[in-house]
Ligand code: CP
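Form predicted alone, single chain, as structure tokens, below.
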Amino acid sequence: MSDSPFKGRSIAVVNDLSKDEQLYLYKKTTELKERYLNGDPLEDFRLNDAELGCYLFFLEDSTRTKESFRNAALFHGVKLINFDVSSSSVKKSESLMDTIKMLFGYSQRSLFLLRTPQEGVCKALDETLEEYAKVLGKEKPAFINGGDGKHEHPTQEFLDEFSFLEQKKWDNREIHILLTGDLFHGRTVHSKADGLTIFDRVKIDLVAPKELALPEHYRERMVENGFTIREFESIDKYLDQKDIAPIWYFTRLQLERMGDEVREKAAYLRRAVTFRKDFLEKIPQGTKFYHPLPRHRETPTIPSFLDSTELNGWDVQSMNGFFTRVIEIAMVTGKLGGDFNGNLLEKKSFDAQYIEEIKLSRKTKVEDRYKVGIKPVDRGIVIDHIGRGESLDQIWTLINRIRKVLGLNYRSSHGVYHCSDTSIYKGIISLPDIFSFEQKEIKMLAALAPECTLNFIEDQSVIRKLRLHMPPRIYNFSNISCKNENCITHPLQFQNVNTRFHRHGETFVCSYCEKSYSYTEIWDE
């Protein structure tokens, strides 16, 4: 067990396992399932560790996920604790962090299986409890995400991918899949933006009316991952063409999360994504339907008349949840992994330089450089190229935000001016007699106005120039926040988890709920 590269790891999102690590999970699941169904010995997979406290911590109702995890934990012979939220102080607004710390202290070793309405919980707990475990001199606990808000559901994704691979006889060269139902709220669909990368080539057909469409940032991630995407507003429209996917993935409509205006269209929305008998003649031989289950008993997107047909792939898919979760528990507790020989998950590097020293070919005089209205600077700093190329309103907003966030309440001047190309504007802030910024202030300025320049002035000449690029990470700033109210870092959650963003292309991404923002959106007004 000590040789396992997975011991103590947490699974908060699909990408917490590399492609090779996921394929290892599926390989071991195949071995377990074959032995289980053949009645062969299973001790190679069992923990049999009575000192391991396995906590089922579900703050939202669940049937399939909770019960499959409960049975997987019983299979392993661990100390299973079903945390009863209804009779706990969580209902009295008890801190989630404090509750988990308390439970962690009750067992020699700990594993937490969680479902929460808040997003990014497992990652936050993993970081917090790692430090807490060091203080106590105990093993770090592992966390497995059984669904967080409308963010991700990695363990459902793993059982889905296992089911797809089973159908394809373990050929992962390509997949053509249809996703339909509530693509907007469906975290099982959102997880496929990364989960389907175990296939070399991916073609996705998104079938949903605009009210249920996939959020744009998940669609963008699919494109970044090289997926080919087609979109249709209903199953009717989809079946009007001939290139039909052999794998269909349905989700239920989560009308309880929608506003009144959308709920008024419920009948139309259901019809657009619900399978009907008259569709059967258009479905190619060998097609399989999947659903995360359970279905809505009154208005299922896969009606019961399909249960006894060859299209039914969801019953086996549901059973696969038990097998994949047995293996997931065995991996993060170190029972499995000693024979793993693939590529481990690479830790993200945030060492990229964001401060560029610009070589000066000659000293540049400043008396004409900063235009009429800007006070000439004999000695000090000029922030130039603020919001270059943006609109006048956007540049003025940036200037005001920079002055407020950096607290530039000095004798100074600022304005918006033409560049050498008079069709392009930029902002300038002139700070006479200010000779330096602290590193934190420079990083904050880089995040506020990437590609601006800092010009250091002596004797009315630029003696040093820095260009500031977007930083790789932003954290420990009191005036930034994730605007997703369900994020564990949001002030309304009262969990005291500090906001942290990392750069992804030209955007900043919340390191917990993974919501994307432009560099202007992360700041508090």
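All values reported here derive from a predicted model rather than from experimental measurement. Heads up: residue numbers just count along the shown sequence, starting at 1.
The next section is about a form of this same protein that is not shown, the form predicted together with the named molecule.
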message: What I'd like checked is whether Arg64, His153 and Pro292 together line the named molecule in the predicted complex, meaning each has a non-hydrogen atom within 4.5 Å of it.
response: yes
- request: Among 340 to 348, 445 to 453, 293 to 301, 215 to 223, mark the stretch whose residues have heavy atoms within 4.5 Å of the named molecule in the predicted complex.
  value: 293 to 301
message: So the named molecule isn't shown here. In the predicted complex, which residue out of Lys140, His76, Arg115, Lys426 has a non-hydrogen atom within 4.5 Å of it?
response: Arg115
task: Pull the contact list for 161 to 184: residues with a heavy atom within 4.5 Å of the named molecule in the predicted complex, in sequence order.
output: none
